[in-house]
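Taking the form predicted on its own, here's one chain by itself in structure tokens.
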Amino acid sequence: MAGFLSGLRRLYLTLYNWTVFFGWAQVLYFVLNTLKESGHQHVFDAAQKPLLFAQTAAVLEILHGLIGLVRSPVTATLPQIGSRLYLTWGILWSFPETRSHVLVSSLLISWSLTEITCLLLLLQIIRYSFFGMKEAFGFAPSWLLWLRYSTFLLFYPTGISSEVGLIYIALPFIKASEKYCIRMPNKWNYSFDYFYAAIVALGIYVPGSPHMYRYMLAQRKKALSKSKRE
């Protein structure tokens, strides 16, 4: 029974990781192709469908951690996935005025290149395919391990900068539209202002981003040191 459950887990994680990898590969392809053909103003529209799919599917990573399917700590996964979902749905999807900004291009390139890299015709594997190969074949080559734990050194800062910039750019549109706001009086006797919530989100990036970067540096050091010992 234990062997069957272990095999089922391996099969599920393999399918999940490769599926999301191909989603990010599509995002990267559409972004680069659109930049070449028609400019950054159309990047979001071109990559929207695979972006919404790949980013929303990442919610399952939180569930995987909660039920013990993977060893990744939820405390590290939740803020990263949460911030990306907020940018994807709460900013870009909700406020079309932000979609034509050049920061959308840097954001999607940073996100997708955290998962996949341009090496070997833009189709070699980083994060999702790293786990996919490990689950499918029981090993991961050293160069793939190095890529998995090194690409964030560049793309995490560019991604975070783009996230902060887009939230800031969205603020006047959030304020003018009053979308997602709840005004009193109402039967719940409760009010909510999405504009101020966005400002709070910006404030969280100040202590949160350095903390996450230091965490990933520590994970990188641990993983690469272990690889050298093996």
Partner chain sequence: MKVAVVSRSGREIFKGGIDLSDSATVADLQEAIHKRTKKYYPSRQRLTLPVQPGSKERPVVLSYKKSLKEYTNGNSDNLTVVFKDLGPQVSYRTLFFFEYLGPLVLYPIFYYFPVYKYFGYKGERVIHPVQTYALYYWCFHYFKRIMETFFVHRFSHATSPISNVFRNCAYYWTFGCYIAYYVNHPLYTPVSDLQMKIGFGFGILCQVANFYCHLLLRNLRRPEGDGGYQIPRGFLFNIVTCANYTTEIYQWLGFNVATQTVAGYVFVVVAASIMTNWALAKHRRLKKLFDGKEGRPRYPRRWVILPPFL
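Because the structure is a prediction, the values reported are computed rather than measured. Numbering follows the first chain given and starts at 1.
Absent from the display: the form predicted in complex with its partner chain. The rest refers to it.
K.L.:
Are any of the heavy atoms in residue 204 no more than 4.5 Å from a heavy atom of its partner chain in the model of the complex?
P.N.:
Heavy-atom contact with its partner chain at 4.5 Å: absent for residue 204.
K.L.:
At the 4.5 Å heavy atom threshold, is residue 168 in contact with its partner chain in the model of the complex?
P.N.:
The answer is no: residue 168 has no heavy atom within 4.5 Å of its partner chain.
K.L.:
Applying a 4.5 Å heavy atom distance criterion, does residue 36 contact its partner chain in the model of the complex?
P.N.:
Close contact is absent here: in the model of the complex, residue 36 is far from its partner chain, nothing within 4.5 Å, heavy atoms only.
K.L.:
Is it the case that residue 188, even though its partner is missing from this view, gets within 4.5 Å of its partner chain in the model of the complex, heavy atoms only?
P.N.:
Contact check for residue 188: yes, within 4.5 Å of its partner chain in the model of the complex.
K.L.:
What is the one choice in 176, 199, 59, 184 with a heavy atom within 4.5 Å of its partner chain in the model of the complex?
P.N.:
Partner contact (heavy atom, 4.5 Å) among the options: 184.
K.L.:
Choose one stretch from 64-72, 189-197, 49-57, 160-168: the one whose residues place a heavy atom within 4.5 angstroms of its partner chain in the model of the complex.
P.N.:
That would be 189-197.
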